[in-house]
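Below you will find one chain, with nothing else, as structure tokens; this is the form predicted alone, and questions on how it binds or moves follow later.
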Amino acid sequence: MARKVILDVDPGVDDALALCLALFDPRLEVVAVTAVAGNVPADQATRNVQTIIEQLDPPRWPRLGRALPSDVGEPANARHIHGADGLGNARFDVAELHHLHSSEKVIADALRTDPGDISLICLGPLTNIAAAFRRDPALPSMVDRVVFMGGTYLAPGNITPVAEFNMYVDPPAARAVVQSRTTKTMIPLDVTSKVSFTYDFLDQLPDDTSRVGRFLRRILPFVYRAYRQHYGLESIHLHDAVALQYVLEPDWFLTEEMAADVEVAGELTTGATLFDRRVNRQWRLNLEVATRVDNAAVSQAIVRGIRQAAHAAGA
């Protein structure tokens, strides 16, 4: 039986690629795709979710959720990596849907409908999840599992020396989710940065006779140029696609139960993920953290999944 999931995303090219994989994987039933501000502002994130679904046209369209601005504003975005439109400046036309429910409502309604059966795959800031949990304090007990891409364990941050982007954009939301009484797995930069994709990856994509191939070939080249310009790298990371693989193949990841928190007010450390490693630990164990990954298995699975998606999506 397919696993029911909600993907909460801030598209972002790597979010878009993760959606390509999830929407056509028979192991997943994507109940909803909810937008959140992060890589791009809220309105653009909502538009991008609609664009991705329209471009890919999966056999079963999920419910869509509209992003709302975070209470902490927009401290950062990643348009220098993903393009002004978040999708590699591809400038897709889209028939925008109006009167979408907010992402937090879509999440809350789905969890109430299928309590205990839905996992939340969070690939952006945790704004929507925290808002849904505030909306209904019973919701954390209705989630099968929260899997979120974000934070660092031992690695440095990628937005400040100590903070990963998703945690930095909305630290209070990240703290609320990390401290919530629900089952959680954190897929940090320590793991997602271990899997890289050189220019050869573009040659392995399906050709433009398929919807998936056409879509990915329009959005990915910008990211390669951005990584070279800003980081001096000839390869890219697809953090969100790696995090999705944990849901599909958890045996490829080594996880450890830890006691974690998120800094919300530090002058230099806002958004940092912290862990109580003391001999006489004072914090409760509250989530699993992925510490190692089978790089080769994950990268090969992503390529294989894209090809399977292209076959399933057709022309």
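Note that the structure is a prediction, hence the values are computed from the model and not measured. Just count from 1 along the sequence shown to find any residue number.
Absent from the display: the form predicted together with ligand BDR. The rest refers to it.
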Do residue 165 and ligand BDR share at least one heavy atom pair within 4.5 Å in the predicted bound form? yes
Ligand BDR contact in the predicted bound form: residue 130, any heavy atom under 4.5 Å: no
Even though the partner isn't displayed, in the predicted bound form is residue 240 close enough to ligand BDR, meaning a heavy atom within 4.5 Å? yes
Quick one: is residue 121 in contact with ligand BDR in the predicted bound form, heavy atoms, 4.5 Å cut-off? no
20, 47 and 216 - do all three of these have some heavy atom no more than 4.5 Å from ligand BDR in the predicted bound form? no
Of these, 200-208, 173-181, 103-111, 232-240, which stretch puts a heavy atom within 4.5 angstroms of ligand BDR in the predicted bound form? 232-240
Just one of 189, 220, 143, 226 has a heavy atom within 4.5 Å of ligand BDR in the predicted bound form. Which one? 189
Just to be sure I understand the contacts: of 212, 87, 149, 126, which is the one whose heavy atoms reach within 4.5 angstroms of ligand BDR in the predicted bound form? 149
Only counting heavy atoms and a 4.5 Å limit, does any residue of 9-30 reach ligand BDR in the predicted bound form, and if so which ones? 10, 14, 15
